[in-house]
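We've got the same protein chain twice here, in two forms, each standing alone as structure tokens: structure 1 and structure 2.
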Structure 1
């Protein structure tokens, strides 16, 4: 690539960033721990969603030592509703490694960051460039889209890394990486109508020039969501509810849930089920149906609140006071949609 192109990209992007960068909480610091937390939260999650979670997480756990010392239950509660829960468990493992093996000092290079669980090519590059000014790329979905369009290329994110390495400046590396992401987030939108007229790169954008904006980057093959039917039972004596912990692997791993039975059960089947647990039913109330979309599944849920008169320990369930439930037990947001019925 010629020097003129590189100079143009560097000055356009850095000038844009100096003028228009959003004032985001994690941009007020160079603390690698805080940058790390923000980058993990931002994986497949929009900025607007992350901000309140980030503020609360940093306020409760301001250092890597605090994170390493935290209990898993507390971490999941801080992550409740954010999704992709393995992110926070991997971060917990990594924090323990940093404290135990690195004397509490965050790795200073992308190569060493990459060794920590939950930190992949993008996140290692983001932390190293933003917190330590390492000359390394950070190719996320935004960068992929902006570069694909600007150069008129159809390449994977991995294939864009060497290209990024050519155009990276020798200083303000973190700003440069964030500038491309910023343009991807604010201007070079994935929708059919990006704001090309206000883009600092509009004069030399191949996709804009050749009318390829809509076709770049190449759309991934669209996924198939399978429908699954469930019956949710809130079994209560009005003071406590039966919960169960989901398995350590798979969807919503390690989270708590109300008894969730496969299929849409009839009221007779529910009565039989509750009796089979040894519980005496006082009344049963039908709750609103809900649907919940995951990446690959679509759950169609019917729900009942079942009031019983003889609460007792059960093998597969834990009886939890409702105040304790709200404070200390992490549920998927699909269960929290029913919060007005158990609070």
Structure 2
């Protein structure tokens, strides 16, 4: 990387950001708490989806103290529909640490931010550079793609991080990091859709010059996916529903769900299961099948609405009135696919 190439990169990105940066609510503040919230929400989620969630979350919980004091069920309800609920649960843990150990003051350095649950290298770099102008990189997938193509580098995201220090400007660090993210999000898109002619870096881009756009950056190895079979039972007397809470660790941790049994059960097996709970079945209706994709596995789900005539308290289940279910209980988007059957 020569100095002229780096100078061109810095000036082009900062000029572009000054003129064309999107008007996003978290860009109107240097509050590290609010920047932290936005960065966590933006993980694996599109900007247009995040904006209303961010604004509602900050309106309800405007400070790290408010977040630390919030009840877990309130947080999950605020996050409902965003997915990856471990993100907000880790934020809750981190906020409590900040209040208890740091007198409610967010850490000012990436090194100290990394000590908080749920904050990795990228998020620490983004918060520290944007809020405090720390001279540190923030390499996510977008940044990896832009820089790999611009310099013509066949490097993994992790290998690219040390090289970032060579290209960071002496000031406007936060703007520089956000500018690269912006180009990656809007222009330097994955191989099928790049908009190279609109890119402020096109005159010096090695990948564009050498026709390497489709081959850079290096593609990660695909994860081996597994499939799991489940049977979802919506057990109800049409006024209330049985819910159970998922374990505190693992997929969909701490969320509520309708009874979800392993395997694709036959109707006879379902009848036997309901009877084993001491419930009397009135009728059973088959619901549409669905699937739900996680990072490394897929759930293949069949579903039934089971109407009973004698609702009663059961161990390991909570009997919830319909209105209360909609207002106060957070189900993952998987179960919200069946809302028309319990609204």
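Since the structure is predicted, the reported quantities are computational estimates derived from the model, not experimental observations. So that the term is clear: the rigid core is the largest set of C-alpha atoms that superpose within 1.5 Å between two forms. Numbering follows the first chain given and starts at 1.
*Asks:* Given these two structures of one chain, say which is the form predicted on its own.
*Replies:* It is the second structure (the form predicted on its own) rather than the first.
*Asks:* Could the core-superposed CA displacement of residue 6 between the two structures be given in angstrom, to one decimal?
*Replies:* Displacement of the C-alpha, rigid core superposed: 2.6 Å.
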